[in-house]
Ligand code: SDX
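Here we start with a single chain on its own, the form predicted on its own, put down as structure tokens.
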Amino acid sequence: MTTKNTLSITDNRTGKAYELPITDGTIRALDLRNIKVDEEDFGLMTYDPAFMNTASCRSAITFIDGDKGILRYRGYDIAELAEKSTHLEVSYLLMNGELPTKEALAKFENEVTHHTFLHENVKDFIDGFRYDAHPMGMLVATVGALSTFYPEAKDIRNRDNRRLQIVRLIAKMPTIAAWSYRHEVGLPYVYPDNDLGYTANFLSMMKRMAESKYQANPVLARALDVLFILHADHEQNCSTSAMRGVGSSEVDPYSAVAAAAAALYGPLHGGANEAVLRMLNEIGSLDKVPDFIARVKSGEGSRLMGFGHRVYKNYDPRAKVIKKLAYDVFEVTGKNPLIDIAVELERIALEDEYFVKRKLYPNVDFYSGLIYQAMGFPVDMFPVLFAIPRVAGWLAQWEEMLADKEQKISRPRQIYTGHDVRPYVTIDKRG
């Protein structure tokens, strides 16, 4: 039998047969438009709430095989990058498709370092927020406001101009994040220290008090760098889709990043590790783990947070790296007592048939919150810590979208379920 890379469809409404080409395991949704009852018919559409099985773009940035637990950036395994690379090196990789030479990396690091400062008016902008404003809300608003400081950013078709804005955003995100935190706790803002590396500089802006120069613990600075690598990109997730969707209107990158960060603000996305900590605190002690597991399995309201993932049906490769990293951090900060509860939950979930058959494995959020908490970050900073590294992935996806000739302004279809045409009723005759 001769095989062809096509899909044959018979429309039982009309008896007509159609042959659609298959490319990269997909058919083009627009090919379905040719399947009509008559010439007046709009043609078939796909209905896919939440994009459960729809590819919206072609991308060469991040590869995920959820069944096998594989995550790669530009072909490089995430565990190897976490072990051997730095966040800025990975950011360069995401942007350019290749790891940098020593000279190229030094130039990129220098560019980022010298764009960490914010316009002085940004301090006034942040000061305008209430004392108890959420730092993620401040970050979203401030990133969006940067578009007014750099009006030339609207020229998105100029490659050199685009690259300048990309460097600015990667450089300024830690400063905005740190200043949002300092505003929340009522401390004076700390300016960037360009003698420090990317994460050490961020820790300095977060934690420096009266000392003339802040010396970040190298273990903690490296741990934060690894966490940033693990969070730098993750294919077409909610916030990345927002970045591409808003960016498809050809708005400036600051506005698009603000939209992506707003998507990340949601508890189902950037706030997931906070939910894990709440769960661990609710359990409270090792002896209460069996009762909690029983409640989860009975469906009595308790949920096992930090397990399972839309994409991964195997152990999230990032979670493996983070679990080991947690113990490195605890050597410096002291052990977070919640780690024992977390490890016991993981042990049970990986052995219990109830969880195994549902493929509920630990994800990236399960251990990351424990590390952030041990390092002294308040819970409301967790999504901010997610946004700092993810901006590199958002911008790489944004630039890739702009170069893709098949992309147009994002405009999903809908299935209309409302009224058919009906006459207007004046207000005095309405029941």
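In this text, all values refer to a predicted model and were calculated from it rather than measured experimentally. By rigid core we mean the largest C-alpha set that fits within 1.5 Å across both forms. Start at 1 with the first residue shown and count on from there.
As for the form predicted together with s-citryldethia Coenzyme A (SDX), it is not shown, yet the points below apply to it.
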Check Leu360 for me: does it contact s-citryldethia Coenzyme A (SDX) in the predicted bound form (non-hydrogen atoms, 4.5 angstroms)? yes
So in the predicted bound form, is s-citryldethia Coenzyme A (SDX) close enough to Tyr327 to count as touching (4.5 Å, heavy atoms)? no
Applying a 4.5 Å heavy atom distance criterion, does Gly308 contact s-citryldethia Coenzyme A (SDX) in the predicted bound form? yes
Would you classify Ala272 as touching s-citryldethia Coenzyme A (SDX) in the predicted bound form, given a 4.5 Å non-hydrogen atom cut-off? yes
Exactly one of Pro151, Pro267, Gly186, Gly334 comes within 4.5 Å of s-citryldethia Coenzyme A (SDX) in the predicted bound form through a heavy atom, and that residue is Pro267
I need to confirm a contact call. Of Leu304, Ala200, Val190, Ala262, which residue comes within 4.5 Å of s-citryldethia Coenzyme A (SDX) in the predicted bound form, counting heavy atoms only? Leu304
Using a 4.5 Å heavy atom cut-off, which stretch among 172 to 180, 218 to 226, 103 to 111, 352 to 360 contacts s-citryldethia Coenzyme A (SDX) in the predicted bound form? 352 to 360
For a quick check, can you give me the residues of 361 to 400 that have a heavy atom within 4.5 Å of s-citryldethia Coenzyme A (SDX) in the predicted bound form? Asn363, Val364, Asp365, Phe386, Arg390
Following rigid core alignment, is the displacement of the Ser298 C-alpha between this form and the one not shown equal to or greater than 2 angstroms? yes
